[in-house]
Structure formats: C-alpha cells, structure tokens
Ligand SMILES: Nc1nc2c(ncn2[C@@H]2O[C@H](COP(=O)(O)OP(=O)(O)O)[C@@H](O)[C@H]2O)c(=O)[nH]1
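In the block that follows, a single chain appears as structure tokens, in the form predicted on its own.
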Amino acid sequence: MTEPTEQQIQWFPGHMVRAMRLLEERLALVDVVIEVLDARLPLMSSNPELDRIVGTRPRLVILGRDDLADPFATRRWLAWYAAQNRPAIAVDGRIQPSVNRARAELDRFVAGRGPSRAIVIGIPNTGKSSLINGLAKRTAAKTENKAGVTRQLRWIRANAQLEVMDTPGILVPKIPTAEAQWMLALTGALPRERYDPEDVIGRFHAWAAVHVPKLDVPDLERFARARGFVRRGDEIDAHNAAGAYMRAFGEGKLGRITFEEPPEAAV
C-alpha cells in the first residue's frame, strides 16, 4: 500500500473556488444559514472558512448522516453544541419525520419574518441535498453517495414562506493531517479518483481495531474472501473488493461509527 501524498488527497477544484466567492455574495440575501456536518466527524467536516463568511447570521447546525453515526456519540455532540449555545439537531435526511424536526427548528429561526430565505452549506457528501429534498418534500436536489455532485448555487422553494439555496460542497483548500485525509475519504467527502481506497481501508481497519474493537471490522482480505472477491490461485481481487468495502461502509454495513469525540474542555 502506498503512503498518502498531498497530491493524492488534496481537492479544491475550480468550481469550489467559484462557489466560495458566490457564497459570500449570496449571504447578503439570506435570513438563516444551515450548516450540514457529517455526524461521524463534526469537526473534520466543518470548514473554518465558512465561519468567516457567515459572520453573525443566525446559524443552525445539522448533523447529517445520523443513521451512520454512533447514537451515543451523537448525543454527546448535541450536548456539546448546546453548551456552546449553538442550535444543533441530528438528522437522517432520508426519513421525513427526521427532516421535520429540522424544519420545526428552522421555522423557529425565521418566526415572524414572513417570507424567508435559508442557505444550506457544508463540505461534500454530508447530506445537504437529502435535507433540502426533505424540506421541499420532493426531489428538488440531486443526491448521490459521492463527492462533487452539486456544482451550482440555486434556489429551491420549500413552501410558500421559505426558499432554500442549495450549494456545492466546499472543502478547505488543504486537509491538515493524514488522519483527516483518510477519514474524509472514507466518509465520501473526497472523489474516489483522488485517493487509494486500499490505503484508506488499511488505515481505517487499524483505527477500528483500537477504537471500536467490539465491531470486529474486517480488513480488506477478510472482507474480500467473505464476499467472494477471490481469483484463481486463491488471490484476492483487491481492486473490486476495495470498491465494495467502501460502499459497505457508506451504507452502514460495517456498523455505526463516529470518528470524533467533542472537545473535552468544552463538554
């Protein structure tokens, strides 16, 4: 397996640069900001640059992908946000009752304002489009379990009183650590052509053996043999097995896993 390199893992294509610039321009038009984070890694999936451009506007944090995260860890994260006086709720964007909780909180934000506009921001593949579709109660935004699907800023009417802007996922220009790199890759924030899946899986397996041993997360070889990715001569088909492994993780078949705990000093 190869060591990850900056060239392999960094991703800040031109459409993200343009989107960040347009975001700054469009924020003057909105009443509330909805920041969608990945519940499995809330800190790593946040973009500090967004703090600067959002400023003091009302802001609701959505912990997306709630169905894939450790529910006990999610409760600790929600308590941490509450301690910071930052409104936050966990949402599975594929389930309407879950989205309805987000809608109720959003209605509280814009109560008394009349017709309002919200903007949905976050890094790629945190569940932004699923949330918007749930708010609109229709398929208004394209969803796919891969990074970089949404490429344009556009308004979507959720109801007579609320318009929501869908935005492309925007990563930080440079991912700071090797650990953040493979975690963001595994959770779908990076396009698969930008990293080595076998390397990411190896790092994940080593992490899981220490942090979630009860889940008995398989390494790539055990997974490949269990799923039948074996060639003649008893050699595993590592390439196709790695793709299946990544999909299995993304579907929650390896267990509900959260990679980060809230900062202890603020709990």
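Here the structure is a predicted model, which means the values were calculated and not measured. Throughout, we count residues from 1 along the sequence that is shown.
The discussion below concerns the form predicted together with the named molecule, not included here.
Chemist: Identify, from the list I175, V91, L190, M183, the residue with a heavy atom within 4.5 Å of the named molecule in the predicted bound form.
Modeler: Here the answer is residue option V91.
Chemist: Only one of L68, V217, V32, I53 has a non-hydrogen atom within 4.5 angstroms of the named molecule in the predicted bound form; which is it?
Modeler: Comparing distances to the named molecule in the predicted bound form, the residue within 4.5 Å is L68.
Chemist: Does at least one non-hydrogen atom of P124 fall within 4.5 angstroms of the named molecule in the predicted bound form?
Modeler: Close contact exists here: in the predicted bound form, P124 approaches the named molecule to within 4.5 Å, heavy atoms only.
Chemist: I need the one stretch from 93-101, 190-198, 77-85, 107-115 whose residues put non-hydrogen atoms within 4.5 angstroms of the named molecule in the predicted bound form.
Modeler: Answer to the contact question: 93-101.
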